[in-house]
Ligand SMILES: N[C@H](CCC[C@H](N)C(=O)O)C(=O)O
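Next up: a single chain in structure tokens, the form predicted alone.
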Amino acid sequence: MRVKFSKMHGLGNDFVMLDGITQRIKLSPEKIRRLADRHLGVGCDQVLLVESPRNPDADFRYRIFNADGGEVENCGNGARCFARFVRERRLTGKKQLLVETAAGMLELNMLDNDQVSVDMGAPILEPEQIPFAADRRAETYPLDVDGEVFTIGAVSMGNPHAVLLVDDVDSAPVHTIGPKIESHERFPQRVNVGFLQIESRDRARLRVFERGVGETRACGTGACAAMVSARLRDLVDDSVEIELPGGTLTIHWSGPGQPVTMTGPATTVYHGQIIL
């Protein structure tokens, strides 16, 4: 199978973009792992697939596969790249798109300055819907990890996130504690783990250990979840610039029941073909 693709990134969170509308593509976990392999394939954090929508109200179906081959519900940085990709491939001329994901509908807006704004929908805070094992909803939860108790926020942006506050994100235990929380038994679908440093009411720094991937240079849903968790704790205002290793995202959230808006860049690196 010869497949045309584009390599894109959102703040260094990189993707192999596949057009499943003008070419026939049959993906398997093995093929996804091959595409994502940085030595034997193209190399990426996630493989993103454009398909025709099943929902008549949507413009496209947006599917996300992690580097380990597993399909996941949502990816914010990928959504921004998705919006640019379908326009560059001339699959649409629209600047405002409604796309169908496994977690629901996303609204994508191309802005004049090559930025993309994404309406990520309202965050999910009820534990059973995240899913996270807890007796009741709370702003924070204690989480026992090998006898050490961490205080976390638990949020879903269509995919589950745990948010830990740290004094210094540069020295945070991302690669030691991150994988232990990712696979913690209280998160039955595993979880993305964010390490958040608050600098002011409108600025923060973040590193994210993504489930099935490891640490990435940026995580859009992670930035949204971190902002929500911080605002629930009254640590930030309703608009925050979040600095990730790959760059900065602007996240806006006015409070429970309201949608989270994420704004940031999407960059095309190159186009190519690969035989799978």
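What you are looking at is a predicted structure, and each value in this text was computed from that prediction instead of being measured. Heads up: residue numbers just count along the shown sequence, starting at 1.
Below, we turn to the form predicted together with this ligand, even though it does not appear here.
Though this ligand is absent from this view, in the model of the complex it lies within 4.5 Å of a heavy atom of just one residue from R63, R231, R207, R211, which is R211. Between the options G76, G153, G178, P123, the residue in contact with this ligand in the model of the complex by a heavy atom within 4.5 angstroms is G76. Of the candidate stretches 27-35, 214-222, 55-63, 231-239, only 214-222 has residues with heavy atoms within 4.5 Å of this ligand in the model of the complex. Using a 4.5 angstroms limit between non-hydrogen atoms, N159 touches this ligand in the model of the complex. This ligand in the model of the complex is not approached by I130, whose heavy atoms all lie more than 4.5 angstroms from it. Proximity of C81 to this ligand in the model of the complex falls outside the 4.5 Å heavy atom cutoff. This ligand is not shown here, but in the model of the complex it comes within 4.5 Å of a heavy atom of V72.
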